[in-house]
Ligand code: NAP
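Shown here is one chain on its own, the form predicted on its own, set out as structure tokens.
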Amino acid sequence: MQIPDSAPFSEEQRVALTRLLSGITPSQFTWLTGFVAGVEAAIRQSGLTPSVAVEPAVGAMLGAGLRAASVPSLAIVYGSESGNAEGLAQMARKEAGKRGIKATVVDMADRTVADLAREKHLVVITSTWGDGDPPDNAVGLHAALMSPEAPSFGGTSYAVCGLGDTSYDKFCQTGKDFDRRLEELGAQRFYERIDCDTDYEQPFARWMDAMLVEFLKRFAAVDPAPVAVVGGGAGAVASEYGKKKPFPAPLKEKILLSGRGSGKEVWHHELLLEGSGMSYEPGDSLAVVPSNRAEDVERLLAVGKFRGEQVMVDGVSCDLSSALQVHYDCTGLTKNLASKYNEVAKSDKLSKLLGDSEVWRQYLDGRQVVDLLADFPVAGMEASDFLGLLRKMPPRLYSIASSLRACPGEVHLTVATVRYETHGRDRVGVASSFLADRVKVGGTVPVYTTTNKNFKLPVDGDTPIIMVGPGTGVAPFRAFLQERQAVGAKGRNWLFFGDQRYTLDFLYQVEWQEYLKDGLLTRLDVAFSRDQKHKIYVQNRMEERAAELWRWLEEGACFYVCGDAERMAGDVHEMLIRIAETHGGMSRIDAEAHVEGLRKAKRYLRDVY
């Protein structure tokens, strides 16, 4: 190995480095890498310039016994649906390296439970999808870990970080599952689990720093000072705009896609990103930060009998009405919020509701925060105390319906507006009604892009793709086809689309027909459930085309599903297994394994919600 002349070293230093590195062994190189990372961290903590701090930093490290060869390695495994957990895993790896810890980041889809059991030191970072389900890349590992046949983890130490959303009853359930099951299988928890809500960056950064300090104390016999960590978050973009500072995207156009008389209200929104510095790829999502309806805020103030006083939000004074409308989720009712509220209300009736999960679910159905205040009033509750019960307004993520190559400087969304009436009150979806009713063309929408590495087009443009996207689940496939057309990809494209009625709910019908005409779209199969007495869904069309669908898969096609997780995604999954049984000549067990193999090979990808 020869150090190049362009390297920033003197001739004497280059000769010495060349001599050292030419005969170095792999284990020595690992030691040296970790040692240099530790020196760098020590220098940064000292606040001195490198030229002044190197010698005392090295001395301090050696004096403390922090020798890279004595620091065990750390496996960081992640389960991620939208990329947040993966981003945090990479952040943890980077911070571990700064402390001289050799850490690796592993996708759960790429590890068996036996692989995991062989790890000596393990950090699990996983999101929860929907109401308690593991993210797609963690499904197989999660099932194997929960199985009675799971191996012993007696030689493993671990820590768990869960990501979730407190609006769901089973908040951070997947993280809790991993934490509990690893302990049951004999693993030793070296640091307590953290359950993070949607605003996870700073809590995770604090947990990560303390976890790594504890790791070094226990397993490297050192007592390092914590390193200052700033949470940057996952899915960040090279832009000043992001989760902490959404971009005010002008609304260029919005078009009602559903016909008059439809049971749905679906809008196509076109937003401008020029000047944001943000970018995205097909398969990514756009986070929309909405505000509440004024009438919902007024109703809440009246029912709660709150005064129009000033409150502090992030160190800034504002009136209570504005705080509720812009900064807080003041509609979403959760068991966690109700439990905290009852610490003030001290209602026996509410306690009984909360004590019975089924009774609580029945009460919760169709109710919001205003109903809680009306049903269990608290006289004289201070506005600041009430705000302390609420969480900050969470963003809503929508699958992007456009390709940046086809629509430069723009991002498109396909959004179904939620409207309903329950318990004598009219209700709306906060974000969907914000886009449909309260943002006019020319107005702005606070947004930022988020990466979804688990829902991407194949790198090889010749690879055929099969897309199943009923309703608004078709959004990312509009982006896929725009992208493939823009780059001249030659792979075949097959779309399954479904909705209620052909004449009222055929979203982007003209575009699909144009794509069929010019050959970009190889096949289009549609299912309109209410156009005939017997309901027909996308999985029924899959069954009708099963032989050809199987041929496409055997020829290397990637299979994509986007949309409803509660029923559709499960029905499509089941049909895929049945097609493998029937046309692949497999047993049920082998067909299930085959479909799981497609998932692991990243040929079966889902974006379900």
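Values in this document were obtained by computation on a predicted structure and should not be read as measured data. Numbers for residues come from their place in the sequence shown, where the first is 1.
From this point on, the text means the form predicted in complex with the named molecule, which you will not see here.
Checked against the named molecule in the model of the complex, the candidates 90, 500, 334, 347 yield a single residue with a heavy atom inside 4.5 Å, and that residue is 500.
With the partner removed from view, the residue among 307, 535, 118, 423 that has a non-hydrogen atom within 4.5 Å of the named molecule in the model of the complex turns out to be 535. For residue 567, a non-hydrogen atom is located within 4.5 Å of the named molecule in the model of the complex, even though that partner is not displayed. Contact annotation: residue 581 falls outside 4.5 Å of the named molecule in the model of the complex, judged by heavy atom distances. A residue is said to contact a partner when one of its heavy atoms sits within 4.5 Å of a partner heavy atom; residue 264 meets this definition for the named molecule in the model of the complex. In the model of the complex, the named molecule lies within 4.5 Å of some heavy atom of residue 472. Contact with the named molecule, judged by heavy atoms within 4.5 Å in the model of the complex, is confined among 405-413, 207-215, 104-112, 463-471 to 463-471. Shown here without its partner, the chain carries 167, 174 and 573, none of which come within 4.5 Å of the named molecule in the model of the complex through any heavy atom. Contacts between stretch 420-445 and the named molecule, counted in the model of the complex as any heavy atom lying within 4.5 Å, involve no residue at all.
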